[in-house]
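A lone chain, given as structure tokens: the form predicted on its own.
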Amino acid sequence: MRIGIIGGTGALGKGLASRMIKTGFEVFIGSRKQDSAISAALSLGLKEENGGLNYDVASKCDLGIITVPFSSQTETLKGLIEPLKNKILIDATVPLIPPKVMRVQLPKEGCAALKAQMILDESTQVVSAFQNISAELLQSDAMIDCDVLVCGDKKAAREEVISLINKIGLTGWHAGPLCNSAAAEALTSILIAINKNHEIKHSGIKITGV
């Protein structure tokens, strides 16, 4: 499977790329700037051609992952409507609005994932995941003792994303329709608050009762 990480030059994008490369997936790193994408690809041990503009990466991938800041989500996706048609897009966007990142601030659409689905073609299946996983841990070889909530309107699309998550060493859970991403996105601000108030670095969530 060819995985395209849109806006993949940041900590989360490179962390996910690192895990997927180690698992054997073919990964492409996208950016608004060609040079930045190529530099990120090379730093991950990929070839120069594995880095490119977001549009080109979205065009060649089988499955996309968007890891841009919330402030860039709308502009980025509006330019990718055509190449993402008939594909699954994993949206890891969290609506953090500095400086009050410990305060839940969901958009008027309900959540970032719903906003993404409204922007994209109806044939694109947006699935929400990875909002509550430390980018720093993803970039390391450490075992990550956190679970991933996966929200999406189509069960088959959620299944495909959960399979991907499990293959890279994490545990994914069906968390219901895309609107439920509001809870996962809001949890990020809560986890940031927990980290600060309890002086820990990588708080996460774990599903119990299994």
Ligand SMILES: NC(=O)c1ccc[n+]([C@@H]2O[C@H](COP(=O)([O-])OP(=O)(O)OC[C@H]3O[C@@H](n4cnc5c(N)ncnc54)[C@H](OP(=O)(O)O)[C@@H]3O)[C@@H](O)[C@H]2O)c1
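Bear in mind the structure is a predicted one, so any value in this text is a computation, not a measurement. Sequential numbering from 1, following the sequence displayed.
Not pictured, yet referred to below: the form predicted together with the named molecule.
Distance check, residue 114 to the named molecule in the predicted bound form, heavy atom within 4.5 Å: Output for residue 114 is no: heavy atoms all beyond 4.5 Å of the named molecule.
Is there any non-hydrogen atom of residue 17 lying within 4.5 Å of the named molecule in the predicted bound form? Output for residue 17 is no: heavy atoms all beyond 4.5 Å of the named molecule.
Using heavy atoms and a 4.5 Å limit, would one call residue 11 a contact residue for the named molecule in the predicted bound form? Residue 11 belongs to the contact set for the named molecule.
Answer for residue 70 alone: is it within 4.5 Å of the named molecule in the predicted bound form, judged on heavy atom distances? Answer yes; at least one heavy atom of residue 70 falls within 4.5 Å of the named molecule in the predicted bound form.
Could you tell me which one of 32, 174, 167, 154 places a heavy atom within 4.5 Å of the named molecule in the predicted bound form? That would be 32.
Only one of 132 to 140, 79 to 87, 118 to 126, 102 to 110 gets a heavy atom within 4.5 Å of the named molecule in the predicted bound form; which is it? Heavy-atom contact with the partner occurs in 132 to 140.
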